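Okay, so here's just one chain, in structure tokens, the form predicted alone.
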């Protein structure tokens, strides 16, 4: 840990772009080292997508990271070294040793001067509306984020069509990830762990719920993954197949068509609700930020790692690729420490 605290107002300043968990983690690490932070966020709220996620504990903590978001938000608002600017859009960016940034905020402009910058612009959830699963056409086909918000706000699971607890739920993985037709060849890493933890929580609420998990393969997560995964295989049905189509049946129940490799045939099965585990795709601001700040994106559209550290621009969190809440927080801290090292080298 770098210790460079001094008394009085911060003499150095870092611009943090993005108020999700990675941006908050970076801002707090910098502020605790007595570096001033201008944290800019395009929306009116901080926390990013992670603020929409529910706690998945079912008797004990499962380390999903959701509760950490609240903690980071509170600390950021209370830290005097962090200046928070919401509803901001970058209009101009110059980097000539000192970084000069101008942003639009409502009908006015604000300018910042910074010694370094951290991009933590986050990710964009894949929109599955054009996939053959009936999202936005069938009431009881929802995304994992819809389900997360439902659990967070109501601590319950209900069918959107009739507000009744579904007796059978299908989770479909890799919707928008590992999809050659979309040129989305990457794995989103977090979907399997999140879906299985939510399935565990649902079973703890209503043990009689029948849950089916459609997958390509299961991405490992956490140090206790194997034990947790083995226990879940006893509680839910695992089907190694991705459905090709969803139609609607009686009572707004989705009907899934999938190939059963054990029976070597196609099967139609009806569920009371379907949850699509949507992938993490590059943030919608990545292209614009790349052009404004003269930094490169990789072939997938995420920011390349480490290419701009010599110019004082660093990237953090899911702006660099899919990662969990905990990993994004750690990555925000890493970017902050790299920015501090860069600033200290400039002073030599």
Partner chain sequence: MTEADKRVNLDQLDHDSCRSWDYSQDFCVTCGICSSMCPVSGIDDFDPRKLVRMISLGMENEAVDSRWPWICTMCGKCEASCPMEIKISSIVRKIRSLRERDEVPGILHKGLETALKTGNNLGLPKEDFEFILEDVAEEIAEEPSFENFTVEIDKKGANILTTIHNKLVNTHTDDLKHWWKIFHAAGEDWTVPSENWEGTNWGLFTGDDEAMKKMSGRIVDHMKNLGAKNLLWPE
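Numbering follows the first chain given and starts at 1. If you're wondering where the values come from, they're calculated on a predicted model, not measured in any experiment.
The form predicted in complex with the partner chain exists for this protein as well; it is not shown, and the discussion that follows is about that form.
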Given the partner chain in the model of the complex, answer whether the residues 13, 36 and 115 all have a heavy atom inside 4.5 Å of it.
-> no
Quick one: does residue 258 come within 4.5 Å of the partner chain in the model of the complex, counting heavy atoms only?
-> yes
Classify residue 139 as contacting or not contacting the partner chain in the model of the complex by the rule of any non-hydrogen atom within 4.5 angstroms, answering yes or no.
-> no
Though only this chain appears here, would residue 108 touch the partner chain in the model of the complex if you measure heavy atom gaps against 4.5 Å?
-> no
Partner proximity in the model of the complex: residue 104 to the partner chain, non-hydrogen atom cutoff 4.5 Å = no
Per contact check vs the partner chain in the model of the complex (non-hydrogen atom within 4.5 angstroms), the hit among 163-171, 96-104, 265-273, 83-91 is 265-273
Among the candidate residues 204, 241, 127, 249, which is the single one with a non-hydrogen atom no more than 4.5 Å from the partner chain in the model of the complex?
-> 241
Sequence order please: the residues of 186-204 with a heavy atom within 4.5 Å of the partner chain in the model of the complex.
-> none
